[in-house]
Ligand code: HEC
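So this first bit is one chain, no partners, the form predicted on its own, shown in structure tokens.
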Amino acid sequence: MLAVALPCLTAQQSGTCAPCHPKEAKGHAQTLMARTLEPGGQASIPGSHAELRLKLGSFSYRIYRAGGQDRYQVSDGTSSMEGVVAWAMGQGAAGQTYVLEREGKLYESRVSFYNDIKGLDATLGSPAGVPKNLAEAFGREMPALSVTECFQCHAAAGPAAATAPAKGSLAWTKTLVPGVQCENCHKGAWKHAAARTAGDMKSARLAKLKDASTEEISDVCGVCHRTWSHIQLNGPRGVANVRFQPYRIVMSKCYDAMDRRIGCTACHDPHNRPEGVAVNSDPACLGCHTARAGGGPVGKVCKVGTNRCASCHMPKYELPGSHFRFTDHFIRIARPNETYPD
């Protein structure tokens, strides 16, 4: 991962949530989720490179910073198209894709940055092969629905969401708070904070996620990471669904919709920077799979050892074109050279 400065608290955290929840607000500001969207001109990856270049067939790509803007340019050797990087999506652990603004419209960049190769390559999910023309090489124009779906998982609605421009519009994106914020998971957080400030304790009540079941937490996370039902109905199939963790974990034999020890938050603390498998995942596994004094184990005890549960039972798979190995959340006894179990 690129070494980048950690962000300050967002407007939501510092102005509303932090006074009552300082620990959670401070920790969350350092998480990858909080940094999953950056405004153009402030994006850490373009800012840490003099320029980024790629040759794709007869097309040459260039991303560079000039005049306080991140610029995106593609040329076929005769003509060129250029746009402003309005937003950088993804914090760079795997990669970063760019939302471009050109003539009042938004486009998904045809090329993205990948941390593994420290450079550009074709955006995951873009049409295979070499672009047919300059317009196709530039990127995919994003319809309003696509803009809405992307930004709802990479940003939070502002406090004036009710009076914001139409969802999916360019103007709407400019009213959002970059990154996954309190409001994304704690629906009504803005209203809750405003009511607290006004002393209206009755209206300030907010549902406590700590009381939610594993299935309910999975549904909260699955809004962006995809639930079991979503993938079952819509796909994708095969290794392409390895990055949809709520779907994959339901397939595990140890999954229990009511047992919070197997829920998302058993390993992932959304309020704090992840500390790695050894700190989070393995102790969660050993909460069940360990011998108890005076009695038998709650779950089967691994014959191999108890210090690499996740790395062994949650193998990694590379999604073609992603330059990244995703952890498969289907917990199982993984066999050498086995095909991806869909």
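For clarity, every value in this text was computed on a predicted model and none was experimentally measured. All residue numbers are counted from 1 along the displayed sequence.
Although it is not shown, the form predicted together with heme C (HEC) is what the next lines describe.
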In the predicted bound form, Ile217 touching heme C (HEC) (heavy atom, 4.5 Å): yes
Touches heme C (HEC) in the predicted bound form: Lys55 (any heavy atom, 4.5 Å): no
4.5 Å heavy atom contact, Gly139 and heme C (HEC) in the predicted bound form: no
Exercise: Arg260 in contact with heme C (HEC) in the predicted bound form, heavy atom 4.5 Å: yes
Proximity to heme C (HEC) in the predicted bound form, single hit among Pro159, Pro131, Gly90, Gly168 (heavy atom within 4.5 Å): Gly90
Sole residue of Ser48, Asn307, Gln42, Ser60 within 4.5 Å of heme C (HEC) in the predicted bound form, by heavy atom: Asn307
Among 168 to 176, 131 to 139, 144 to 152, 78 to 86, the region lying within 4.5 Å of heme C (HEC) in the predicted bound form by heavy atom distance: 144 to 152
Residues within stretch 19 to 33 having a non-hydrogen atom within 4.5 Å of heme C (HEC) in the predicted bound form: Cys20, His21, Glu24, Ala25, His28, Leu32, Met33
